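What follows is a single chain, given as structure tokens, in the form predicted alone.
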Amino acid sequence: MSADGIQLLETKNLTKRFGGLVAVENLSLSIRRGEIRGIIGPNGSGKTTLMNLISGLYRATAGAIYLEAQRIDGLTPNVRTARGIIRTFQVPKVFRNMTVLENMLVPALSDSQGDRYKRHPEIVREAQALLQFVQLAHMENRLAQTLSGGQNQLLQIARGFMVQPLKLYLMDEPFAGVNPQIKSVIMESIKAMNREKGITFVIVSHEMPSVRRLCDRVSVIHEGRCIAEGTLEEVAHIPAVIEAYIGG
């Protein structure tokens, strides 16, 4: 979980309004390259909205987003993916009527990946190696709709690793509703890809034991604002964080 001190992602005064509702308000974050950052906070605090803003699903009402010091908040989601940003969803989004292997091939064969489609046999081998890594190799010819929810979460995560270059992986509740064995595979995948390929992760999660094991630092979001940053142990003793969680 080492980071080199160079800022990979920055948000500056990021704001998102839905009519009269302010979901994210003047939120400024700085994520170092190579970091695994946890994003925590009570339900409805704006964590998923933040992920949607960074990935491009939502357009910011105000503020800016920078990737490697270049502003990206005006870019479409597919262009952000081509720049190296990928994300998962709490409810896995897979192609249910395609096989597990076919799902893996979709990112690598998209227009945003240039001429990678010309190396189809090599791409298939990459996909199969990743499926082996996440313990889904024996299911590569099964339709995604036959997998359990946890297995589809694994498939969604592994499929993201097919994107090149992959600089920033946004994960929204990757541990929710999965059994301990799959949770362990997900955590080991995150640590290995961070260690071996230098991928930066931003992980929204309510699973505090998992956050503690993975993340050197966390950002606490409440009512659309970042109210604290530090290690999980440090922020747990901040009065504003305690008040946010108990509803004071």
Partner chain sequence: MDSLLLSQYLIAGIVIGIIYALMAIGITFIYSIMKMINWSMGEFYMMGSYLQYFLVVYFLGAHLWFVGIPLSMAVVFGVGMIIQRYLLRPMFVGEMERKDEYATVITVALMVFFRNLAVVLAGPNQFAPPDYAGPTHIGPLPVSGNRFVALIGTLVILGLFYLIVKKTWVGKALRGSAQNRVGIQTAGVNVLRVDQIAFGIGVSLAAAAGALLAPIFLVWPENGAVATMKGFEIIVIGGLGSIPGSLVAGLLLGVIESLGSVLISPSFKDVYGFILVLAILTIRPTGLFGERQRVA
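Positions refer to the first chain, counted from 1. Predicted model only: the values in this text are computed from it and were never measured.
The same protein has a further form, the form predicted in complex with its partner chain, not shown here; the description that follows concerns it.
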| item | value |
| --- | --- |
| Proximity to its partner chain in the model of the complex, single hit among Leu168, Val178, Leu105, Leu155 (heavy atom within 4.5 Å) | Leu105 |
| Its partner chain: the contacting residue among His138, Lys93, Arg71, Arg125 in the model of the complex [heavy atom, 4.5 Å] | Lys93 |
| Stretch in contact, per heavy atom within 4.5 angstroms of its partner chain in the model of the complex, of 50-58, 216-224, 203-211, 35-43 | 50-58 |
| Exercise: Thr81 in contact with its partner chain in the model of the complex, heavy atom 4.5 Å | yes |
| Exercise: Ile86 in contact with its partner chain in the model of the complex, heavy atom 4.5 Å | yes |
| Non-hydrogen atom contact Asn97 with its partner chain in the model of the complex at 4.5 angstroms | yes |
| Non-hydrogen atom contact Gly149 with its partner chain in the model of the complex at 4.5 angstroms | no |
